[in-house]
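Okay, here we've got a single chain as structure tokens, the form predicted on its own, with questions on binding and movement later.
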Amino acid sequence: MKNKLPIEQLSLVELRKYRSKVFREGRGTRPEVVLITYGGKKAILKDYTQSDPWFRRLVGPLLAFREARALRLLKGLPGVPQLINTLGRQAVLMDYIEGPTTKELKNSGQVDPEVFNRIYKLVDEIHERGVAHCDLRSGGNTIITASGQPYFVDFVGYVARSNWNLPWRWVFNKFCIADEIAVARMKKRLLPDQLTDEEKKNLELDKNHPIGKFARFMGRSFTRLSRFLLTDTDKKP
């Protein structure tokens, strides 16, 4: 079609017609995550309208808003998917990044040691923009492209820096340390023989890092409470 609309002008209903792969089915507290292939372009649609009814009404809009806001704060930064559009209050369309996640990489033979220098550089760059990812411990949130460029995805749990609230800036700095520790954990799994003294020190710090422990506790508690109150608990998301 000559007058085919650009992908950013398609509605959610129209976009769903161009699903070419389902990465995650939407149910419980999880959004549907699908690959959209349209007009020679590939994009990821994260869609909370497919979550359980009460969750999608009460929590889905907040999570979609947070994801979009984080991507806007990081707009133009290599290593972060670019936001294409928001669809209503419950869905986000962003660039598709092709490549394995660090969770899918099994051993050091699959990883160029230089990749970790790039990952640390990307961590520094998102922190400079005022964003701490807060979930890099999950190996599914770091993708390595064929060219060796790392990408961070899934910014729902991010924390933003405050320019005026000094106590919160202190908290933000602790979350930045937690991001760096998460990268050291990643490297320990894939390249254990190449850990630096500083990384070993960070891994020791990880055992008693109060902010990290608190964040993980709150994240797990929020997820369990949301599943109990807002989803069909017979399902296992």
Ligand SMILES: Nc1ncnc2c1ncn2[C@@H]1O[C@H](COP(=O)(O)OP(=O)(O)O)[C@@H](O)[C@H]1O
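Start at 1 and count along the sequence shown; that's the residue number. All values derive from a computational prediction rather than experimental measurement.
Keep in mind that the form predicted in complex with this ligand is not shown, yet the notes after this line are about it.
This chain is displayed alone, yet in the predicted complex one of Ala68, Val33, Ile177, Leu205 has a heavy atom within 4.5 Å of this ligand; that residue is Val33. Note on the partner interface in the predicted complex: the residue among Leu83, Leu105, Leu73, Ile97 having a heavy atom within 4.5 angstroms of this ligand is Ile97. For this ligand in the predicted complex, the listed stretch (194 to 202, 44 to 52, 178 to 186, 164 to 172) containing residues with heavy atoms inside 4.5 Å is 44 to 52. Residue contact with this ligand in the predicted complex: Asn141 places a heavy atom within 4.5 Å of it.
Taking non-hydrogen atoms only, Asp154 approaches this ligand to within 4.5 angstroms in the predicted complex. This ligand in the predicted complex comes within 4.5 Å of no heavy atom belonging to Gln149. A residue is said to contact a partner when one of its heavy atoms sits within 4.5 Å of a partner heavy atom; Lys17 fails this definition for this ligand in the predicted complex, lying far away.
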